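Just the one chain here, laid out as structure tokens, in the form predicted on its own.
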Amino acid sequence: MVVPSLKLQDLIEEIRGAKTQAQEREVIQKECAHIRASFRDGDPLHRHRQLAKLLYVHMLGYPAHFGQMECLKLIASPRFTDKRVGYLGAMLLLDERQDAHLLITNSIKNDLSQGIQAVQGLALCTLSTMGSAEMCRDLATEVEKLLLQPSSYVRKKAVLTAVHMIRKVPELSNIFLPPCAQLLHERHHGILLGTITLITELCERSPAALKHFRKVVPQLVKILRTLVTTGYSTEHSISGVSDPFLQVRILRLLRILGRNHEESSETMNDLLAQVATNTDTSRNAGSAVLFETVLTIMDIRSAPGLRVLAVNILGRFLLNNDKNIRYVALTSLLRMVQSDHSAVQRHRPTVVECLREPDASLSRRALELSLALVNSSNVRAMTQELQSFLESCPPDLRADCASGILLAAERFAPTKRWHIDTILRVLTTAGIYVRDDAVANLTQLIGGAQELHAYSVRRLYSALAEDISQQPLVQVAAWCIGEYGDLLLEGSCEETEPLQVEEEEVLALLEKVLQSHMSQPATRGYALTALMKLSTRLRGDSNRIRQVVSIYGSCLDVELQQRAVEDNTLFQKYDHMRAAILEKMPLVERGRSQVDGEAKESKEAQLSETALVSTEPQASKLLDLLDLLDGTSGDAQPPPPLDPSPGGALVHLLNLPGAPPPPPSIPNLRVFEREGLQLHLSFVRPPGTPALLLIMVTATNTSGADVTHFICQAAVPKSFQLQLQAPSGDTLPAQGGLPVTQLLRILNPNKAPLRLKLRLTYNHFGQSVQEIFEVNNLPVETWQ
């Protein structure tokens, strides 16, 4: 006896009643067998019922591909019940990857020309859901005719189908330009919303359409003003706001039309002010409209007073109880801080309060905005707030906060003493989170401030005596004690509280650092060097120092052992030269680059160059770039490291900080520019290594969208040797945010003319971009 096929409702009940996955599969397999048998028998009366059951099975995640051809048969059927299920099946079971979807093109064309609204609606829905580029090209004229049909039901669906066609085939924009102007006179909000969306798509994809629709700005302004001034309507109002969806769409379109266009911006200024002042923000719908208004004001050429009003609106958003609204406000203010810094500064106290938010995303965004608001006039107050936040912030924010405070102090420090105090407090609070170049920066800062040597060594000694766990702080303190230990023992500093320190206490503290399990090998190297220097600065006997140094002559750490053995050699064979070798370092000045307005970035590159970590595996992979230039550079050896001090081998051995004299300036070079992304090259040739060229690659982004996953790869001819250092990041914030820098070290022993090939890969405006280009116009100073 043949078991009859189940009805759809019975099938649903039986599947839901299955207690195990195996029972469910058994029910579905049995029913799918009945559906296949029915399809083979060709029963036209029950075909739509069988397909409906198959679609439910498909929604549960089971295979249903064998019903694709049945969809085509139902679509071609004259019965509406068949067409309804057939079109639904086509939307669910067919897509562009299968050639079968092209077979329904003729059926859709016939249904669009039938004149039956329900059938036309089904065809339009299917076309807008799964229509491929070929189908869009074939049916564009049919859809264009339906845009002006009397039925609002058909016109609304035709507009949405046109939006899909423009997204698939932007070349079809000319077909839909004339109907859009007439559709703007519609009173039906659904059609008007679809029309605004269609015009937005056209303007984003066609410069000609953008120029064409700038003529309708007054009409758009009139529509939006009517929405704003219209009273409550049960059909369109949401939380007291008249059709916020349509208002938001119109504001987005106005933003596109008014961008970089003075006349259009002037036309919409009054309306934007009206929307900004009359919209109720007590509900989420009003906040959405107001936020779009702010974005439009900031993106067009609006009046200065209007821009201040937009910033004030975002300031009110910061006081909202909704965390999402506060996050949106912080993000928008961060984008605007470059262009309207003074207006954003008025809301600085509120931004600082957001640092205490328990929500991690809010506090991170508030930290970024707070760092962007620091300037020379508020650096003391802002740094104090940021340091307070640093003491209690989550661990994942400490690195960003510490680095931001150090950079702000370097740029805007009012005095050297304040600068030193700020760095010391950061090292004391979050020393393990600071950047690698913080130690080198502070030692150079202290070395260049002769009047603060005694003050600095006392502060550092006190901090070291309290805590030896913060490795960067211990390294700076050890260096400073070694350099200026005699000033520590004199006790003649008027700027600090009286501090009496004995020689034995200083030596005991450095020995404690050497013996601590928390000390890294580099920290022990600093402490051992400090002890050696103190052997020439202390008045007492140096036997204790000699004994400590001799102990580390058998240390397991090879570098520390070598350092100790050579220090012992100084004691035993070259004791008469020890005082001259270990004398104080001369005053150092930070190297500066004076070319093309990039002094700040070049200075940071020179100071942090020795702290960057070499990434040899990455470099070897990047050099093998598909036979770039005249051969592969994959076999090239990395160039020798740059000696940080020109004082000879012993100076390098003792790890004494030093800086080469400023190199002669080489003109900077802009080698790439596209959609707001720019790439600049700055050059430095160290005097001690004439064959070595340092190239700092600086990428900046002035566009309105973030550049993410940014990777810069380089290759040189095989006669050169190239080494790439790790980049500072892979994200370039919009509107001129922090740049991404990367150091290239090129060794040119033959002094041959330099050619460089670069490959950039990144994501911008939602698209993946790859650019490969060759740089042949490098200045002759880079290789001669």
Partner chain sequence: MECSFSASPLSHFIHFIPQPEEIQQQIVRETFHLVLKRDDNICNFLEGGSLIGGSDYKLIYRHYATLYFVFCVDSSESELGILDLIQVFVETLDKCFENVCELDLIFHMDKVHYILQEVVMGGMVLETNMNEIVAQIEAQNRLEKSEGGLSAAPARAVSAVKNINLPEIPRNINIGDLNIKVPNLSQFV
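Numbering follows the first chain given and starts at 1. All values derive from a computational prediction rather than experimental measurement.
The same protein also has a form predicted in complex with its partner chain, omitted here; what follows describes it.
Look at 372 to 380, 556 to 564, 513 to 521, 192 to 200: in the model of the complex, residues with non-hydrogen atoms within 4.5 angstroms of its partner chain sit in 192 to 200. Remark: residue 312 does not count among the residues lining its partner chain in the model of the complex, judged by a heavy atom distance of 4.5 Å or less.
Within 4.5 Å of some heavy atom of its partner chain in the model of the complex lies at least one heavy atom of residue 13. Proximity of residue 208 to its partner chain in the model of the complex falls outside the 4.5 Å heavy atom cutoff. Although the partner is absent here, residue 58 sits close enough that one of its heavy atoms falls within 4.5 Å of its partner chain in the model of the complex. For the marked spot (435, 489 and 680), a heavy atom within 4.5 Å of its partner chain in the model of the complex is absent from each of the three residues. Checking 215, 301, 167, 411 against its partner chain in the model of the complex, a heavy atom within 4.5 Å turns up for just one residue: 167. Between the options 134, 95, 262, 583, the residue in contact with its partner chain in the model of the complex by a heavy atom within 4.5 angstroms is 95. Residues of 110 to 128 placing a heavy atom within 4.5 Å of its partner chain in the model of the complex, in sequence order: 116, 117, 118, 122, 124, 125, 128.
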